[in-house]
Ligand SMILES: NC(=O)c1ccc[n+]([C@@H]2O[C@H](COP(=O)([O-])OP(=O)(O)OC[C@H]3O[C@@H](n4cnc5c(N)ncnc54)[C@H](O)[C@@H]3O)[C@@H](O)[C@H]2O)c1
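Have a look below at one chain only, the form predicted on its own, in structure tokens format.
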């Protein structure tokens, strides 16, 4: 009898990590899942017992600590969900610039060393914020139904009505957070070449759903809905305080089908575009995109009236329109998002009620 596949999930008790642990266990109970988490995030310990009941071996430890990693059992795959997730990390709040690089880049290198030692494959949960800020900040946009929409597209640059695709530039500036994740991507690809283990890099837009605690660093959708329910003050920040800035939204459980194929060693279809097939956008796309003003409208209709202030000055790294084109994921992996944005928002609302 063949030995069971062994999967190590870092950041396993965060929203994304815990969701994917549950999905993997539900779809493939034969996979042995070990979860690693340092429990720095508020509420993360609440996921320990539910995951253990599903058979996930949850361990406390830090990806930056070699001793913690040496104590882990060998795995066949690592799914790296541990990160400082905020685009403002390192420039505001309690997280220092060094902490961002230490956690997101050095932590990734520690995990790649683990993969080298055990011959494990590596799946990196990456982000839309690896794409360059300057051309996105300079987008010519118009407001349609309370939401920004680009007025010109550059298909040669990887910018179309469907969103930002994998051809779009990744040169700095991209924020300390974005650069830390882009560096992690590059180092992962180098380790794959040098030491002969498989690597997949999955770039996601905003991930949202029940299980988030409504902090700003977890993404705007959960933060906005939970704040509206709680009657906490909200403001449209930047872009003249109109709330027209747009993001797309994806539920992390929608990633499970492609993750299972990656774990099984499946190869994607030939894209014929000359780009690295190991790097791919997985996102809600244009169909699952919404502005803050539209989100406020949704909250008013589903929850009741609220009040939103305005702070006209735009913060560093804020952008008017960030929508990932996931069309290449459809061509390579026959993948598309399964959960509509209304269903994601309702899930957050119900869980917070």
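Numbering follows the first chain given and starts at 1. Because the structure is a prediction, the values reported are computed rather than measured.
Keep in mind that the form predicted together with this ligand is not shown, yet the notes after this line are about it.
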(request) Verify the contact flag for residue 32: yes if a non-hydrogen atom of it lies within 4.5 Å of a non-hydrogen atom of this ligand in the model of the complex, no if not. (result) no
(request) Answer yes if any heavy atom of residue 40 is within 4.5 Å of a heavy atom of this ligand in the model of the complex; otherwise answer no. (result) yes
(request) Answer with yes or no whether residue 79 is in contact with this ligand in the model of the complex, where contact means some heavy atom within 4.5 Å. (result) no
(request) Check whether residue 294 has any heavy atom within 4.5 Å of a heavy atom of this ligand in the model of the complex, and answer yes or no. (result) no
(request) Among 283 to 291, 48 to 56, 22 to 30, 62 to 70, mark the stretch whose residues have heavy atoms within 4.5 Å of this ligand in the model of the complex. (result) 62 to 70
(message) For a quick test of understanding: in the model of the complex, does each of 14, 103 and 125 have a heavy atom within 4.5 Å of this ligand?
(response) yes
(request) Have a look at 83, 87, 201, 112 for me and say which one sits with a heavy atom within 4.5 Å of this ligand in the model of the complex. (result) 83
(request) Could you tell me which one of 178, 243, 205, 163 places a heavy atom within 4.5 Å of this ligand in the model of the complex? (result) 205
